[in-house]
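Only one chain is shown below, in structure tokens, and it's the form predicted on its own.
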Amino acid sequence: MKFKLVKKSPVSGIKSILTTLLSIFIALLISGIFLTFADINPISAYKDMLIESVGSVYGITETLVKTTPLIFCGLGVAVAFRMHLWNIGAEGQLYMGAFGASLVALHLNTDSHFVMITLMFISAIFFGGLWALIPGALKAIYNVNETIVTLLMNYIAILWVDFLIYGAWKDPKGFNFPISAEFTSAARLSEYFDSRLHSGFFLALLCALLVFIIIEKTVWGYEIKVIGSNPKAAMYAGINIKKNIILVMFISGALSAIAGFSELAGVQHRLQHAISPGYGYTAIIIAWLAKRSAFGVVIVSFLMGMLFVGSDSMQIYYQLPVAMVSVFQGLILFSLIVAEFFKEHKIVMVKE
């Protein structure tokens, strides 16, 4: 007697949603066991997480602040996923975007808010896109595995930023902390509702709309979907696969780089160590859960933003380490992957 995996017919919409909700419930249940071992009531902890993230105007704006870089990185990863390009380097592209934005903010001497912000934005896109272009070109020309290359390039980008803030860009007035000089007011995005919510959030929504239109409503968007689904058919149809690989990777990197720009111009106002708590890595989860849909990325990013803010509150109220955020994310992702797998497969027992 042995077991065999068999493909089954797709489940209905309601069954699919119920399966997803059940998988999230299981993830929360397992997380609850961890919390119980830490002498924390899981129901109270989840309630506090919900209240802190969406229970007040302040909580909602903080959640949207966390949602903003997640949308940018999620869109970047999702666009690449459309072509079955596994861009795992959104974290590094975010850092290169932050580098590009800082390069302008720290060295351009102008009081014009429009000029400063526009050049910071363009510089971030240029460096982030260029960073992703390297694995894209290696993939297109030499068929080098983009997963490995993008992953390894994350470390280079992060260490490059560290090199700058520990060296040439270190603020002499920063009490020896690894931070750059503070950006001028011209290099800061507008804030709203007497909170930290900045215009980067609205830019993220605009980008999501543009990505949706380009991917779903244009010939080029259809082409990259064809390449992702069936490269041989795309080749016979005369679609230039190499050119599209390079172009898609550039756009993917540029979108992730805007996250770095918005974080610095909207929230941190200077370049510093660990500017991202892992937004680029979380974006992989987001793009996967959103099934590469631009609007799906917005929704899942908001939910992940709630998780980030809620987890921050758990650190404050329950003195839990930041690693618990990763544990929650990992458990949710694992549960959802298992659920998605069993939506399409089943285990049957066969006689030898």
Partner chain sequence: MISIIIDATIRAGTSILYATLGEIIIERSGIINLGIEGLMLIGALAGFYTTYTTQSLILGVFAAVFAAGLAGLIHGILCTYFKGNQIVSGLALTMFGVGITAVLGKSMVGQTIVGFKRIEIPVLSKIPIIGNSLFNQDILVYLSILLVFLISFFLYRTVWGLNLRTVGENPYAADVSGIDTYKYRLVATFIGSGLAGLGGAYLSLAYTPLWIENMTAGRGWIAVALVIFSSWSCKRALFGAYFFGGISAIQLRFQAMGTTISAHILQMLPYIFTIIVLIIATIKIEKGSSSQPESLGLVYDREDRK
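Being a predicted model, the structure only gives us computed values, none of them experimental. Residue numbers count along the first chain shown, from 1.
The form predicted in complex with the partner chain is left out here; the points below concern that form.
A heavy atom within 4.5 Å of the partner chain in the predicted complex is found for one listed residue only; from Glu191, Glu223, Asp162, Glu182, this is Asp162. Among Tyr166, Tyr236, Phe175, Phe114, the residue placing a heavy atom within 4.5 Å of the partner chain in the predicted complex is Tyr166. Residue contact check for Ile88: one or more of its heavy atoms lie within 4.5 Å of the partner chain in the predicted complex. Interface residue remark: Ile213 is not counted as part of the site for the partner chain in the predicted complex, having no heavy atom within 4.5 Å. Using a 4.5 Å cutoff between non-hydrogen atoms, Phe202 does not count as a contact of the partner chain in the predicted complex. Although the partner is absent here, Thr147 is a contact residue: one of its heavy atoms lies within 4.5 angstroms of the partner chain in the predicted complex. With the partner chain omitted here, the record of contacts in the predicted complex names 135-143 of 135-143, 236-244, 116-124, 205-213, defined by a heavy atom within 4.5 Å. The three marked residues, Leu152, Ile285 and Ile337, each reach the partner chain in the predicted complex, with a heavy atom inside 4.5 Å.
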